[in-house]
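Before any questions on how it binds or moves, here is one chain, the form predicted alone, in C-alpha cells.
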Amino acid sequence: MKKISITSDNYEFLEKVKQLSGEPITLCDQCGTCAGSCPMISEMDISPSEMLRLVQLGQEEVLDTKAMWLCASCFTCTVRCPRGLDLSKIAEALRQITLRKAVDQIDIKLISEEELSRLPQIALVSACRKFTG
C-alpha cells in the first residue's frame, strides 16, 4: 500500500478543485453510492469514489486517469449522494485544471494537406479545442 503524506502542494490542489467546482469535497464519507450508480463505471479506470478520494487527499495523479473525461454529467451520482455532492462539477474542475496546463496533444502543422481536405472541419475544430492548450 502506498503511503500518502499531506503537503502544502496537496492542500493547494484540493483547494483549487474546491474553488473551481464550488463543492465541499471534504464532506464525502466514501459511501460508494456514486460508484454504484454510475452508468460509465465499466469504462472508467478508477471509480468516481476513488477519483473523489484522490482529490480529497490532494493527489494530482488523479489528473492522469480517464475517469474525469468519461463522466457523462448525468447527475445520477448527485441525485443519490447522501451528502448532495455534485461529482460532475468536480470532474469538470479536474478537466479544467488539465486543459489549463496548455499541453498540446495535436500539432495542426503536422497534419498533411490530404488529411486536412478529407477530415470534417468540425472534427478538426473539436479536436483542437479538446487536445490543444
Partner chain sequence: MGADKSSGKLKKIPYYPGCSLKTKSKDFEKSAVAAARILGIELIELPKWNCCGTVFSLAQDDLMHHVAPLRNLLRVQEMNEAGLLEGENRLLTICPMCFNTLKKANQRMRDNPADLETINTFMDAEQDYQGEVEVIHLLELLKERGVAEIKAKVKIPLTALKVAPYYGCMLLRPKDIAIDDPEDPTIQEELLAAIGAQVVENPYKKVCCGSYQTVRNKYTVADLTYDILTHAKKAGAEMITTSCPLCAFNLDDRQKEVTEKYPDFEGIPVCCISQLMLLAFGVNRGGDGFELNYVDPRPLLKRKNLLSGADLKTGAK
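Residue numbers count along the first chain shown, from 1. Nothing here was measured: the structure is a model prediction, and the numbers come from that model. Superpose the two forms; the largest set of C-alphas matching within 1.5 Å is the rigid core.
Although it is not shown, the form predicted in complex with its partner chain is what the next lines describe.
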- Task: Would you kindly say which of T98, S47, Q56, S73 lies with a heavy atom within 4.5 Å of its partner chain in the predicted complex?
- Result: S73
- Hey, in the predicted complex, does E115 get a heavy atom within 4.5 angstroms of its partner chain? yes
- Message: Taking its partner chain as it sits in the predicted complex, is E43 near enough to touch it, meaning that at least one heavy atom pair lies within 4.5 angstroms?
- Response: yes
- Quick one: is E60 in contact with its partner chain in the predicted complex, heavy atoms, 4.5 Å cut-off? no
- Query: Just to confirm, S8 within 4.5 Å of its partner chain in the predicted complex by heavy atoms?
  - Reply: no
- Message: Within 4.5 Å of its partner chain in the predicted complex - does that hold for a heavy atom of every one of E12, Q30 and M51?
- Response: no
- Verify the C-alpha shift of I111 between the shown form and the other one: is it 2 Å or more after superposing the core? yes
- Message: With a threshold of 2 Å on the C-alpha, tell me if Q19 counts as moved between the shown form and the other one once the core is superposed.
- Response: no
